[in-house]
Every structure is written in C-alpha cells, then in structure tokens.
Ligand code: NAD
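First, one chain by itself in structure tokens, the form predicted on its own.
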C-alpha cells in the first residue's frame, strides 16, 4: 500500500501547482492525470489557442504593414506550419511541468483515478489496478465542453467543439460559431484574420455578456465593420448536417423571415464548460452547487480533508484562478500562517481578440446593480440617482503615446469605475493592444483597495501603453 500526505486527481494548473507547492514543503504527494500534464489550458485550451492566434496576428500585421511604411508583397501563411509550431510550444511547456514535479516527494501516475472510500479519515484511490492512500484529497478534475441539447448536434461530423478546431489540420472554407463568449470570439478572430468567412450566433443581446458593455460595443462595431457576421439575440433551433435553423427577433427584423437558416462547412459550438465529476461517485454526501463542487474560502469541501480547486468548483473557470486556489488550499493543509484567501473580486481576465480586452473588478452595470440593491429605491431616489454612488473615468487609449505609435487607426478605451465617496477603484476595463500585459497593475489596485489618489502616485514607465492608467486619473 502506498501512503501519501496528499493525493491530487487532475494534472491541470490547479493539480500541478498543488503538487509542486506541497512536495517542495517536504510532503509526499501523488498526482493522477488521465491524459497529459497541463490539463485543458495547456493542451487543448489557452496555450494552443494563443499560439495559433499569434500566427494569425502576424499574418494580419504583415498584410496591413503599409500604414507603418512597410511594404510586404505576396504574403501567405502555412496553417500546417502554425499547427506544428503550436504542438512544439505545448510539448515544451508540458516538459517544463514534468521537470518542476521531478523531486523525491512527488509521484506522477498516468491513468484514470477512481476514489474508493475513506477509512479512519484516510482516502483510498485506485488507478491502473493499484491502490493508494492519502491523508488529504484534492479534486482538480477540471471541466469539459458543454454540449447543448440542440437537435442534430450529436454525432454530426460537421460540428466541432474547441478541441476539434484546435486539432484540425486545415482551415474550413467557412464557419459558423455558436456562442459569442470568450472562446467563440477568440476563434472568430483566428478564422477571420486567416480569411475564413465567419458567422457568430449568440443567444444573449450582446457578445461577451459578462464584460463591460461599453468596451464590448467597441469590439462588436469593429468586427461587424470588418465583415464578421455577428447575430445576437439569436437561438439555434436545430442543426441538419452543416445547416443551422435559427429563431431570432433580429433576423425577423432584418430578413423578414423567421425562422431562417445558415450554412457553413463547419459549425463550432462553444457555449461554455461544465465541471467534470467523473470518478467521484464514492464521495457520498459531497455538496454540489450549480453542478460544481461547493467549496469554502480555503477550497475545502464539506467532507473532511477533501479539497477542490479549478474549474470543478465552477467559480471562475480560468487557469490563473485554479493555480491560486491550489496555493491557498495547500497553504491551509500545511497550516501556514497567515492563512491566505482568494480575492475573487480582483481576478483579471483577458479576451485575446484583436484588439484585446482586459478587465478586473466590477463592471459599471454590476456597480449600478450593487448600489441599487444595497440602498433600495428610496435611498437611490434620495441621493439623486444611482450615479451619485459611483464615478466613471475613461479615456481613449490614444492618450498613450506608445499606443498611438503601435496601433495606427485604433482608438481603444480605458475605463475606471470608482466608489464616489471613498474613491476606491472598483473596476478597470480596457480594449486595445496590449492591455493584457498591464491589467495586473489594475488588479493590484482593486485587490488592495487603492484610492484614485494612491493609484496616481504609482510611476509608470514611459513610453508604455500602461501609462493610460495614470493618465486617466
């Protein structure tokens, strides 16, 4: 029988971060991974997508180089070469994770792990015919693509999910993307910049519905002008081969027909992900919430010595959130003082469209909703409207000299949402390249409750696009 301090099921960002942290503290750890280390993010998510997007961006820049005084003739791209480079990047990063876990206290087992039971507060796990015991158990089983119950979607060779799209050896002649969230809009960017006709279908009134509406509108207008067909408030009734039947008020007003149909060589369905709970059936009484494992501020479940981190918790499905959850959970196991917690109000997020969108904290609408609920209608009316409780400051990104130098013809936007009385930074929302590289600075402000005056004292290097955070104050 093999005995460990911690058994981890799942080798994604949460799993390998927890294994590295606990093993470096001298604790014996075993990590089970059914597929490849790195999880969805590294193998079929964040990294391969960004590798392909960067290739598409290079091609786009080359074909639009004339405005910078550069002439490039007969510019072409090789999608197979892009795919090959993507694979090399992924392999190198997976090898890096293996190297980080290569120590005397960490054991990695490749296979499907199944929890057997708990005897005297020791958890037993079976994998590849072997049984292992551990004092603590961490569930990092991640998430899987959600397949909506649309007639004709199952076993349809014309329908892709994001994993299928990333594995494709060639580009489709045309594509319909069902879902205008982060994944859908990033793939729309990739295909559009490589010359593929793209249609995006989104059931909500806008794409990227969880982001600041003013920022999203800038991207929406730009993409529609560029030729991406984006249909909002639109639902898919059924799929027949490579043809989609739609039901939408928008199409009714523009086409005078409802329902209508659209066809493309491929249909990419990207409508979200769901927690993966396979292999956890023996955890009797495990408390779930909205189909995911419910956890407290230290990532503990309701079962003794059982933790859960990453997408399986259903909180915020981002790789950097998973890693941070793992750090907090292991810190709690090791009783490290002071005990750390996760600042979910200060989690930065990025959409790798072109231009990028980056944000942290509350959107303007979320702030309005918060104060309306907190103060009530009488309090809001007495104060002279909800606008009395918060302040918005915003500037075009063109107030940054570096942005002007490198983003010809672009305007962009940087928007700060402040508490009107305390002047603390509640949210920061930007659109414009490369806002992903400085949103962390805004995260510090939201995380630590900086006031506008305190943030203004921070010195930003010149010339950088990050200076917009200072200019706006």
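Positions refer to the first chain, counted from 1. Bear in mind that the values here come from a model prediction, so they are computed numbers and not experimental data.
In what follows, reference is made to the form predicted in complex with nicotinamide-adenine-dinucleotide (NAD), a form of this protein that is not presented.
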With the partner removed from view, which of 286 to 294, 346 to 354, 97 to 105, 323 to 331 is the stretch that lies within 4.5 Å of nicotinamide-adenine-dinucleotide (NAD) in the model of the complex, judged by heavy atom distances? 346 to 354
4.5 Å heavy atom contact, residue 184 and nicotinamide-adenine-dinucleotide (NAD) in the model of the complex: yes
Heavy atoms within 4.5 Å of nicotinamide-adenine-dinucleotide (NAD) in the model of the complex: does residue 50 have any? yes
Is residue 211 one of the residues lying within 4.5 Å of nicotinamide-adenine-dinucleotide (NAD) in the model of the complex, judged by heavy atom distances? no
Do residue 272 and nicotinamide-adenine-dinucleotide (NAD) come within 4.5 Å of each other in the model of the complex, heavy atoms counted? yes
Go through 165, 113, 178, 239 and name the one with a heavy atom inside 4.5 Å of nicotinamide-adenine-dinucleotide (NAD) in the model of the complex. 178
Exactly one of 318, 262, 196, 277 comes within 4.5 Å of nicotinamide-adenine-dinucleotide (NAD) in the model of the complex through a heavy atom, and that residue is 318
Counting only heavy atoms, which residues in 197 to 234 are within 4.5 Å of nicotinamide-adenine-dinucleotide (NAD) in the model of the complex? 201, 202, 203, 204, 209, 234
